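One chain follows as structure tokens, the form predicted on its own.
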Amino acid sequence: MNIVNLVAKQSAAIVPMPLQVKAAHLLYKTKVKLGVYTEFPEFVEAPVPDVSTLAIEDIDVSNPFLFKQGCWEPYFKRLRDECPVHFQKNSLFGPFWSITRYEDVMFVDKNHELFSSEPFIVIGQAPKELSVEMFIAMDPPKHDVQRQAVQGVVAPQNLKEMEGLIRSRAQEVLDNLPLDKPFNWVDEVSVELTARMLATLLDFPYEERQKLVYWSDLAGGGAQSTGGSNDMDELFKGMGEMAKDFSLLWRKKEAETAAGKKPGFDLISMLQNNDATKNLINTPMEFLGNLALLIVGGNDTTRNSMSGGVLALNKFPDEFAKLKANPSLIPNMVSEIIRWQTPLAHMRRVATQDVEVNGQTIKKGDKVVMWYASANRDERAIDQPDQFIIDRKGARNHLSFGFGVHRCMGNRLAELQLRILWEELLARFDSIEVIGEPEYVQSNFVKGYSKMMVKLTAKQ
């Protein structure tokens, strides 16, 4: 480590983290004023063109309005059929390869020696001043060490102990929903349930749980990183607030442990009680990055699958009838919901050497984007992939959780939350009707919902 890096590291351990984020923000704005950085262009929504009108080389699936306008399926089908390993050289996010078929995505995901997760797992990137580090965007062995530190929170025994709490919270939320009157399912159910779960996992103040959802939306909604609508000032401010709150929570838990209190089974306590991560607070970008990762991971997959399942059963009413006649199909349906929805559309890698994928040579240093949303609709691997089939054979063989060393750590927790939600829904309601068209998030990463009006009819 050179002297400059050593001084920077020692300073980071002394200066309060919120002040460091504030200083980073000022530095970023100064660089923009001086022309060191060019402001990333704001995305202005326009109708997405019919993919059949485009030359294959002009197809750009990084357009964040593909999912927002519901145009994504024909775009990815054309790439799967005509150019499954596709190069886009003129994207706002820089040149990148799109991997769109199931088997090719599996190849990239499981060969982490050929395809590095560093430095980011989204198609774009944040400015250098906010280049947080997180274990999902690290390669082994550092990835493995940091992941292991928090793996215990979703260990089978811990999940078993959490089941009663998850069920009681689902019951409380559902019992307070209006009947025979439209309401926004996203806010009242999906966001509320995931916020409650996040607060539990992090032992975060329960009454302030909506902050966690807001920070998650900020972290995944920047224009530079995912084509979202959040501006950089809002992002820096939000990360500063997050740094402040989590620094205080970290220090509080340190003091309680020092006073003899037994550590809990929350994520903060686990990080503090692992030799590899006990000093994480002294490396601010790593501290912020890993907490952002845990929040986004605990929020987006479950939250958007909670909404996606309701929409799927409305689009395929025969499957809802099948479910009501046989509730034992719920666990299998949960896997089908997660496949059909695919709440995170992609993950990015960087080639570590020249490598051939499906006849195309990807050069060392090239950006490679695995489109899980496309792989989960690949007719070559999945029968009738556009159909929602709750008793589908092999429903768990989807790629929504990724594959290999970076497979989603919280996959079993997400499945548990969704299973309990549907068990409690079936016990209460005869119909769950979606009113009108849902509104979707502006992003090429989060494949989610911002609004979905629903009307419930009580079970007789």
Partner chain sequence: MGNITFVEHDGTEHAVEIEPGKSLMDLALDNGIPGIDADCGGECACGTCHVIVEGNGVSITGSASDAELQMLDLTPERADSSRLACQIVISDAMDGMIARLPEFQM
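Numbering follows the first chain given and starts at 1. Bear in mind that the values here come from a model prediction, so they are computed numbers and not experimental data.
Heads up, the form predicted together with its partner chain isn't pictured, but that's what we're talking about next.
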Fill in the blank from the handout: Exactly one listed stretch (40-48, 422-430, 53-61, 405-413) reaches within 4.5 angstroms of its partner chain in the predicted complex by non-hydrogen atoms, and it is 405-413
Handout entry: Triple contact flag Pro140, Pro156 and Lys160 to its partner chain in the predicted complex, non-hydrogen atom at 4.5 angstroms
Key = yes
Practice task
Please run the contact check for Asn397 against its partner chain in the predicted complex: heavy atoms, 4.5 angstroms, yes or no?
Solution key: yes
Exercise for the section: Examine Asp144 and determine whether its closest non-hydrogen atom to its partner chain in the predicted complex is within 4.5 angstroms. Expected result: yes
Practice task
Report yes if any heavy atom of Ser229 sits within 4.5 Å of a heavy atom of its partner chain in the predicted complex; otherwise report no.
Solution key: no
Handout entry: 4.5 Å heavy atom contact, Lys110 to its partner chain in the predicted complex
Key = yes
Handout entry: Contacting member of Thr352, Asn282, Asn184, Gln148, with respect to its partner chain in the predicted complex [4.5 Å, heavy atom]
Key = Gln148
Fill in the blank from the handout: The one residue among Leu92, Met106, Leu249, Ile330 placing a heavy atom within 4.5 Å of its partner chain in the predicted complex is Met106
